Structure formats: structure tokens, C-alpha cells
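Below sits a lone chain in C-alpha cells, taken as the form predicted on its own.
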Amino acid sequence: MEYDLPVPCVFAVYRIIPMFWNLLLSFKKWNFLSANIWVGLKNYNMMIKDPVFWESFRNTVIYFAAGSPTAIIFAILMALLVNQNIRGRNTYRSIIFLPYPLTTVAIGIIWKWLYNEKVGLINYVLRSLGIIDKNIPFLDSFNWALPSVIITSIWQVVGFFMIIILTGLQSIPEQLYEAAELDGASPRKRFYYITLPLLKPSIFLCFIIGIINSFTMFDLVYVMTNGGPGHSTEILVSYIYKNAFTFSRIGYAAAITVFLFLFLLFITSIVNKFSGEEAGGVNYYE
């Protein structure tokens, strides 16, 4: 029993205590130098009236809603492809997975160069193919900046999602496909009634990881745009950072953190309700 004691102690020090300390700070005014001043719900009231907060919240939701489902769809398609008995499939798996182990800062620097309006490779290719006449300021445009960051995040995570989906595919018994084929089931029906239902746990895991990544992504946005232009790529985590360490509004940053935690908990519970309980079930067809 005494050997198990350090585990909850470490968990309390690094998880429970900071969580409650952050909750306490959300009701105070503090800037690192001055004394704590109890302000009650003033930080939350300021959050409700803050247009930048709502813009960062909207950007965060768009970041998740556009990024995670798209990455999962591409991951399923790639996993189905590299799961076939094709030549060099291990090489294809390695190439697709390669971006994920790279540090997010390195990925941000690479894609910032690719998106560069003057010397970026993407503008060069588009101009060479005659698709555009004038270079596109991807990261300096209010319309293009957020989609550009989302595309980068999809490129980074799709290989990891593919590995998760591929693991799920390889755990499906081959006898199910053989029995369905003997019964005259088409490839489309085999995918819909066998593959997709048995991939629910893997897809659910990808969704959870996608939720966490979307609502905690900081370094990619910080390196590529720092929330700009304006606040068009500002997300909740980057706005929390700026309030805490740029504007020294610790209490307000803590209040936004509490909101982010509760919203993340709400979204996760919804996904769990609609995906977790039926995960792994197989639909039968006639």
C-alpha cells in the first residue's frame, strides 16, 4: 500500500492542486507583482463582453470542426489503401506517418515558408500551373490564414490517425469478410456493415485526440501567425497565453481556462455518448 502512495500524491501536485488554484485565480485580479484582489465574477463578466474572446472561441470551434473530421476521413482512406496487399506498403505507411514525430515548431517553420507570399513553394507551383496570376498572402490574409493553419495541422496529424485506423482494420477477423462475400455482399456493403462499425473504437479515439489537439494547440499558431492577422487565427489557448504573459491579466486568463476546461469536458461527453456506447457493434444486413 505504501508503494502506491506516491502515485496519487504526484497526481495531486501536478493535476488536482493546479486545477483548483486556477479556479481560485479566476475570481481574483493579479498581475504577478501586485497582491491578489478578490473580484468575484468580474473576470467572467469581462469574458462575456470581450469580442476577442468570442472570436478566439469561434476560431477554436472552426479549427476542430474543420480539422479533425477531415483528418479522420483522409486517415480512413489512407489506412484502407495501405492495408491492401500492394508493393511497398510499409514504405507508404512510413512516409504518411513521418510528419507526426516532427516537432510542431519545426512543422510551423516549414509550412510558414511554404505559404510565404514572395518565395513560398505553394505560390510558385500555383503560378507555374497558371492557376493564379498574383501570389496569395496565405498567412497575412484574413480569409486564408485560418484555413492555412488548419491544413497544416491536418498534414501533421493524419499519419497518426492512419496508424490508429490501420490497427483497427488489422484487428477485424478476416472470416467476417469471407462470410459476407459468400453471402453475396458487395465491397460497399462489407465496408458499411463490417469495417465501419468495427472501426468505431478507433474513430472515437481519433476524435478524442482531435478534440484535445484542437483545444490545446498553441505552438503551431504561435509560430505561423501568432494569432494574426488581427485576431483571425487567435484561438483560446493563444489568447490565454497573451492575457497571462503579455497583458499580465492572470485572473482573466484563469477564467478563460476554466471556460475552456468545461467546454472541452462538455464536447468530450457528447462524443462519448454518441460514439462510445455503441462502439464495436456490428450491424447485420439481409
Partner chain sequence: MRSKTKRNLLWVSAVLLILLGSPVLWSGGQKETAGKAAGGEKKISILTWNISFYEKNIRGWISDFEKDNPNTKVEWLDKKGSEWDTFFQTQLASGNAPDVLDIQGPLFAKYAAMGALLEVGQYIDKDAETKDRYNKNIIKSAYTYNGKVYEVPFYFAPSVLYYNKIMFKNAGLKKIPETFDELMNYAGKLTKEEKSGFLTLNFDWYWWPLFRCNGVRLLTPDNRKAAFNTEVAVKTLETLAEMTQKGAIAKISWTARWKVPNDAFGAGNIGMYYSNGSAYHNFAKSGAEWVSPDTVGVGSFPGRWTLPGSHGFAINSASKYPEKAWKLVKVITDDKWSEVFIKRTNIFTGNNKIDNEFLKSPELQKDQLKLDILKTQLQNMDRLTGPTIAQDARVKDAFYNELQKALFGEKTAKAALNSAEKAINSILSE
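For clarity, a rigid core is taken as the largest C-alpha set superposing within 1.5 Å between two forms. Quantities reported herein were computed from a predicted structural model and do not represent experimental measurements. Numbering follows the first chain given and starts at 1.
Keep in mind that the form predicted in complex with its partner chain is not shown, yet the notes after this line are about it.
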Looking at the partner-bound form in the predicted complex, is residue 65 within 4.5 Å of its partner chain by any heavy atom?
-> no
Is residue 37 close to its partner chain in the predicted complex, meaning a heavy atom pair under 4.5 Å apart or at it?
-> no
Are any of the heavy atoms in residue 30 no more than 4.5 Å from a heavy atom of its partner chain in the predicted complex?
-> yes
May I ask you to state whether residue 244 is within 4.5 Å of its partner chain in the predicted complex, using heavy atom distances?
-> yes
Residues of 113-129 having any heavy atom within 4.5 Å of its partner chain in the predicted complex, listed in sequence order = 116, 117, 118, 119, 127
Taking the rigid core as the frame, does residue 33 move its C-alpha by 2 Å or more between the shown form and the other one?
-> yes
Does superposing the core leave residue 248 with a CA shift of 2 Å or more between the shown form and the other one?
-> yes
